[in-house]
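Just the one chain here, the form predicted on its own, laid out as structure tokens.
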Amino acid sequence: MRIHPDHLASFVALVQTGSVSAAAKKRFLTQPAISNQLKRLQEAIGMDLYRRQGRGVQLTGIGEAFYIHTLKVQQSMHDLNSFADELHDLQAGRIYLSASQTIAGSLLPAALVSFHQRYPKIEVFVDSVNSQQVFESMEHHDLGLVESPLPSSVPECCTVKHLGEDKIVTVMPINHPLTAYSSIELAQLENYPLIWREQGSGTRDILERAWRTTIGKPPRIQLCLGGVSAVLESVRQGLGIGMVSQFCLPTGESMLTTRPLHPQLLRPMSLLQPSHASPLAKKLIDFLIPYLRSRLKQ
């Protein structure tokens, strides 16, 4: 059974006007054309939807139930057409973003709130992973955000936009002996247990490079944990010193404090734009680039 949308529109016009002739006028069609559409609709259903009564029509019980469903279908079609218009105007749709955990947890939330206020019907889905996984996921996402040195082979599908530099800082309990210093040298950390991120983390990658250059031997790692939140909680529990982005300490944190490293340990923050990024994704890209660059300059 196939029901044509035009036939449904004619049926609604018939119910709302009460006669075939009035429905024809409302639909800007001839009376024979309306009659033919209504006949084909009833043939498709296999039941009478109405009966003639004087100069008008009377719905059957089946017709009354069918009319209710028809209105729902028309409303759905109206909503679908409105959504299609919004898609065409880049006002609605979905964007899939892959971001390293530091960015996803510390910088993106406020950015996406501002973006949502401007474009309330655009949905943004964020995968929070480590930097290596961001690079690996670009074939399936609309854009990526990382804060680590770029690998020797960036995915071929991507254009890289440099956003600025992020600082790595040490994080420790507020009563830790090293809080007496305004900045910390890597050599000072040799005497304390350290909490490191997992392999593939941009933070770990740049720290390992700096450690090899400065210390010349592997660090003493107390714990290796996946994710910034796990590192911060372990530091709260007094298990060691962590090293995280300058943006990672939550607002209002009362148990932890940070100290910059000396010399400063900087890492690039970059946006990856795949060649398959949609015009909708490019709208988010155009929003994020100035927003993140301004935050990194603070």
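Remember, it's a predicted structure, so these values are computed and weren't measured experimentally. In this text, residue numbers run from 1 along the sequence as written.
The form predicted in complex with the DNA is left out here; the points below concern that form.
Asker: In terms of non-hydrogen atoms within 4.5 angstroms, which of the given stretches 232 to 240, 59 to 67, 46 to 54, 261 to 269 touches the DNA in the predicted bound form?
Answerer: Partner-contacting stretch among the options: 46 to 54.
Asker: If you check Leu29, Leu41, Val244, Leu256 against the DNA in the predicted bound form, which one has a heavy atom within 4.5 Å?
Answerer: Of the candidates Leu29, Leu41, Val244, Leu256, Leu29 is the one lying within 4.5 Å of the DNA in the predicted bound form.
Asker: Just one of Val12, Ile285, Val20, Ala277 has a heavy atom within 4.5 angstroms of the DNA in the predicted bound form, so which one?
Answerer: By the 4.5 Å heavy-atom cutoff, the listed residue in contact is Val20.
Asker: Just to confirm, Leu249 within 4.5 Å of the DNA in the predicted bound form by heavy atoms?
Answerer: Contact with the DNA, no.
Asker: Since only the chain is shown here, I'm wondering whether His4 would be in contact with the DNA in the predicted bound form (any heavy atom pair within 4.5 Å).
Answerer: Yes.
Asker: Can you tell me whether Gln37 touches the DNA? I mean in the predicted bound form, with a 4.5 angstroms heavy atom cut-off.
Answerer: Yes, Gln37 lies within 4.5 Å of the DNA in the predicted bound form.
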